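Next up is one chain by itself, shown in structure tokens, the form predicted alone.
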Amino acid sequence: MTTHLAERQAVIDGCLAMNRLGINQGMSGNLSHRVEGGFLVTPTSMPYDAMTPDDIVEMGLDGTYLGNRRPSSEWRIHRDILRARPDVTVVLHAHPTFATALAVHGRGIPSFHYMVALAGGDSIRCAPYATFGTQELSDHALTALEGRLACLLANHGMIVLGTSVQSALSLAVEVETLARQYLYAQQLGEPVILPPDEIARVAEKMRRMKYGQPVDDSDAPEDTARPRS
């Protein structure tokens, strides 16, 4: 019997959604989901629409794996992030067009827009380049993700972290949107950058409002408007 069936299906659904949302193209991205004792990760070189729950690879945090499929070539990134970040359940890696356009120049995304705070700080860093699938690349990614939920990878793509597949997908869409806006804004010159103290205020307000999360009216935060009786 296949274990972790719901999580396996969530990985497949997330991969299909990445392509549908324009976050990824073809088979270039990968997705993982924490489970007891390790994690699930997409197999290497397999079209998303051909995957079944049995094709999703179960791995231990020691790098061993079960099943007939080989794990994604970027399994080290997924393993190392999930091992180092107990706050993370899902790791999403993709090559979206605008984020990658910045990454091939080794550029991250500064706080030109307050929505950068959704990624956990006053910038979305770009990790230095290293060959795909290597421990060096994983090490660079971990450093760029310190205190963050997203980073770019030089000459490569994007990594986004989440507590669920849906939260990771939502943040990936936001990061790609910010990358597109930043590239467009630069055509008029360097945009105004919001200072760290403003981004800290924005982040705190987002936290209080549970920004981007469904709000229970019975426990609405102070910044949330209530309907009049």
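Note that this is a predicted model, so its numbers are computed, not measured. A residue's number is simply how far along the shown sequence it sits, counting from 1.
Missing here is the form predicted in complex with a small molecule; even so, the following discussion is about that form.
Note on contacts: among I193, M27, I199, V35, the single residue with a heavy atom within 4.5 Å of the small molecule in the predicted bound form is M27. Checking T64, S45, T52, T163 against the small molecule in the predicted bound form, a heavy atom within 4.5 Å turns up for just one residue: S45. None of 67-75, 139-147, 84-92, 117-125 except one has non-hydrogen atoms within 4.5 angstroms of the small molecule in the predicted bound form; the exception is 67-75. Taking the partner from elsewhere, R79 is found to have every heavy atom lying beyond 4.5 Å of the small molecule in the predicted bound form.
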